[in-house]
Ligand code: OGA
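This document starts with one chain, in the form predicted alone, laid out as structure tokens.
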């Protein structure tokens, strides 16, 4: 289901067709034929009067919940809501029918809340998610649409950002906060004489996620072009989730290995920095859906694996790496002065072609997704 379909479905929520109960469960039959069951303990924990306002924080701790909670009676109100009286203490409350539908635990309802990710390959190059800074900076629909691109695709472009020092941080301020690191509040990506990091050379950079040696890893990366090289230096992006799902489909045993074992990463600046973290290359959530991808060959430390796992793990690792560099999966574009791109650093890998003629100057910074998603939810609600 697409985001637009899900929004439409929620705006046109079906009403309640009927109620059933026993001592432990409320069962709701919806007008569209769906059926949802709600355990008494879940309802008691989520009763509206137990929160500081409709969307506020809970007023009690789970340790205070009764050992035994039952349902004494239920009634459908004239407004389509559900009045529930709990046993044995006769606590009564009213649940909004729309709220119960939005939080229903049947498989179809839970699936609706896990909206489809917009997986993509090189075909995205024909119509990349793009917006104009002059419109986005006004807020409202233009900003919401651009942020939705980042949420849905893990990647978006922004054109017409003034090619001025520090503007990359100003873009972050449209939706959240800069994540400062040892590289500073922002960092310049230019060629230097004695670089600590290969990013500060004119060499090509393979597709990678940034900073996997941190815990937590920066979730968003922004790069703003102040000056483009005369030749070369094209940026490339690839959807790590697309590659991971392809690996799951084509080589499930390899996929399972990469989700099971943590890979250590390390970054060292002698006498100043020694960053280390370990996590799977492919991370899943509790439902088995993709949660994050980490891939940075330059920063991978020696693997700490059971002896018998080393060879099959390398086979899986190599296969995943090839999928992440498959030309059929890659979108490339040339940044001009004033162009900016943002990637979900837990999903989309980025890299660049080498360059040798002319100066190339990008400024980058990091941010986290919680601020972006919060801003987007507020905008969508107001719109």
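Residue numbers count along the first chain shown, from 1. Computed from a predicted model, the values in this text were never measured in an experiment.
Not on display, but discussed next: the form predicted together with the ligand.
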property: Contact test in the predicted complex: residue 124 vs the ligand, heavy atoms, 4.5 Å; result: no
property: 4.5 Å heavy atom contact, residue 360 to the ligand in the predicted complex; result: yes
property: 4.5 Å heavy atom contact, residue 187 to the ligand in the predicted complex; result: yes
property: 4.5 Å heavy atom contact, residue 350 and the ligand in the predicted complex; result: yes
property: Heavy atom within 4.5 Å of the ligand in the predicted complex - residue from 223, 156, 277, 136; result: 223
property: Selected contact from 101, 179, 208, 246, since only one has a non-hydrogen atom within 4.5 angstroms of the ligand in the predicted complex; result: 208
property: Location of the ligand contact in the predicted complex, chosen stretch of 208-216, 78-86, 284-292, 299-307 [non-hydrogen atom, 4.5 Å]; result: 208-216
